[in-house]
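The chain that follows stands alone, in the form predicted alone, written as structure tokens.
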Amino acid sequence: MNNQPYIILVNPQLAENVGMTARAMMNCGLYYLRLVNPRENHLSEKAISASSNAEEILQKAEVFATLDEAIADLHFVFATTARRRDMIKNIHTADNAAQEVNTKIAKNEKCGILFGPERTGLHNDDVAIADAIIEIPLNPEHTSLNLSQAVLLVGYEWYKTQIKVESKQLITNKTEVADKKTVTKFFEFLESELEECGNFKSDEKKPRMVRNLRNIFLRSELTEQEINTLYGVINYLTNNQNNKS
């Protein structure tokens, strides 16, 4: 766990929000929590309950009287804020900041991310002490976030750098995606049945209709089970139509 930043809550007001922050941290594999002059007990029943089984983070949280003390052993500190201050600072998106954190940790530098109190956010003096700012682009008409929401958004961007997850995948359960031979055989069967029932009334339009039908099915990545189901449906409809005739 030495490859992660410290989450630092400056003057948090409500124990529940500290508990929910611990929950958000554990969601993202973050375990280092520091609290600067919290108003309520972070180990209270309210905080433990709100953590939803992430009380391990609360129990190991470090408490400091001042922000200077909380960041004294760190090498680089980010401040999260939605308000542009009259300061010259590098502003990072959360995903860019995550990469920056990893780069610095790889050089054995300890990093921290500051989050302000629920009502006001970080004060100017808190931001001034930080090396850079993390800004999360949101609707400019309403950029306010709950404390744990802010931690979750920033934490998630960092967590994504620690795992390898496919951006898209098809869950096939007990079947498999059908190979092209199986799919082509189904197309030929479908087109034969449509021909037989007189669906292709115009030889001129038939090729285009066939292409459209194939494109409809190809977009869905048919599995073997789905093709067998379609065979059954088509056979049922065909037999039902023949019985009526």
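Residue indices: 1-based, along the sequence shown. Bear in mind the structure is a predicted one, so any value in this text is a computation, not a measurement. Only the largest set of C-alpha atoms that superpose within 1.5 Å between the two forms is called the rigid core.
Although not depicted, the form predicted in complex with another copy of the chain is the subject of the following passage.
Give a yes or no on whether every one of 86, 143 and 160 sits within 4.5 angstroms of another copy of the chain in the predicted bound form by heavy atom. Yes, all three are in contact.
Partner absent here, but in the predicted bound form, which of 172 to 180, 65 to 73, 35 to 43, 202 to 210 has residues with a heavy atom within 4.5 Å of another copy of the chain? That would be 172 to 180.
At 4.5 Å between heavy atoms, is residue 11 in contact with another copy of the chain in the predicted bound form? Residue-level check for residue 11: no, no contact with another copy of the chain.
Is the gap between residue 186 and another copy of the chain in the predicted bound form 4.5 Å or less for some heavy atom pair? No.
Heavy atom of residue 110 within 4.5 Å of another copy of the chain in the predicted bound form: Contact with another copy of the chain, no.
4.5 Å heavy atom contact, residue 59 and another copy of the chain in the predicted bound form: Heavy-atom contact with another copy of the chain at 4.5 Å: absent for residue 59.
Give, in sequence order, every residue of 149 to 165 that has a heavy atom within 4.5 Å of another copy of the chain in the predicted bound form, or say none if there are no such residues. If the 4.5 Å heavy-atom criterion is applied to another copy of the chain in the predicted bound form, 149 to 165 yields 149, 152, 153, 156, 157, 159, 160, 163, 165.
After core superposition, I'd like to know whether residue 43 moves between the shown form and the other one (criterion: C-alpha shift of 2 angstroms or more). Where the cores coincide, residue 43 shows only a C-alpha shift between the shown form and the other one that is less than 2 Å.
C-alpha of residue 227: shift of 2 angstroms or more between the shown form and the other one, rigid core aligned? Comparing the forms between the shown form and the other one, which are aligned on their rigid core, residue 227 does shift its C-alpha by 2 Å or more.
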